[in-house]
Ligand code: OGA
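Encoded as structure tokens, the following chain is the form predicted alone, with no partner shown.
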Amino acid sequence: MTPTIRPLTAVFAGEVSGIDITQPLNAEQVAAIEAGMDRYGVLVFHDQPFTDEQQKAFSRNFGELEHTAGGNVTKPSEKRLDPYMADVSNLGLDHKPLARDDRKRMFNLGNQLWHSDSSFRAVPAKYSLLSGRVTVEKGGQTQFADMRAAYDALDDETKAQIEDLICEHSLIYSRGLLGFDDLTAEELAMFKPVRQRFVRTHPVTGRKSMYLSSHAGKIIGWPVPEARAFLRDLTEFATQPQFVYAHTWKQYDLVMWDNRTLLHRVTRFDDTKVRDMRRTTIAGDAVTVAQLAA
């Protein structure tokens, strides 16, 4: 059966029905989902009780899975999930909520900042697919902001100003915004900044978008304070309510989004409660700009 997509907002985001994505898909179904992603940027699937293997199998319809190494401070011996499943939960190896002062928990609080997954990698991610295995009743929404619509709303002067800008992205910058600077020499090397274009063009639709993220801490050729003030102002502009869809999770929702065109963040919740969220990420296939040595 070909899936049906219903728009969730006037600007972007769609709700998909008429398909069981825990089972193998045919080429027509995969093409319909890809076309939906190109149009809506975010797709919501309800009642999809995935196992990890089923989630990975569905994700591989859209490209290679991104390895999670280099995206957190969790040691390999502390990981609950396999290397191709990002653990976006608040849980430790014992499957219980992490302590308030746990280093992994404090690092993961950065997910409450507006960001694009893996913009801190030289080759940034294409899609993210997040499965709500255990959700919370209050808070813990995932908010999405459409950087295509935000770009379209800019005045011509600002569009010209940002057209050729190059930014540096790193987890060092986003975690530093929260005061998390307790990084080892090994982590500092792992989180070495990479360069990304500020304005990206979608390879299918041709629409332009701003590649903003809390991971962006510098604009090449600009004084750092000026760059950060400028990035802050544009982020505030781009995350106004008219550009935002907020997803309230139900158990077994699967939400899929395009990191090339959207920002997202999680809202606060009572993290003494179990929230088990598991993400697969589709790797990108090209750098956004020549990666020059720092």
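Counting begins at 1, following the sequence as shown. Note that the structure is predicted; figures quoted are calculated from it, not measured.
This protein has a second form, the form predicted in complex with the named molecule, left out of what is shown; the following refers to that one.
Engineer: Thinking of L130, T142 and W257 as one candidate spot, does the named molecule come within 4.5 Å of a heavy atom in every one of them in the predicted complex?
Structural biologist: Checking in the predicted complex: L130, T142 and W257 are all within 4.5 Å of the named molecule.
Engineer: Heavy atoms within 4.5 Å of the named molecule in the predicted complex: which stretch among 260-268, 24-32, 46-54, 236-244?
Structural biologist: Looking at the partner contacts, the answer comes out as 260-268.
Engineer: Which of V88, L183, I162, I219 has a heavy atom within 4.5 Å of the named molecule in the predicted complex?
Structural biologist: For this set of options, the contacting one is V88.
Engineer: So in the predicted complex, does D146 come within 4.5 Å of the named molecule, heavy atom to heavy atom?
Structural biologist: Close contact is absent here: in the predicted complex, D146 is far from the named molecule, nothing within 4.5 Å, heavy atoms only.
Engineer: How about H115: is it within 4.5 Å of the named molecule in the predicted complex, going by heavy atoms?
Structural biologist: It does: once the named molecule is placed as it appears in the predicted complex, H115 has a heavy atom within 4.5 Å of it.
Engineer: At the 4.5 Å heavy atom threshold, is N111 in contact with the named molecule in the predicted complex?
Structural biologist: Yes, N111 lies within 4.5 Å of the named molecule in the predicted complex.
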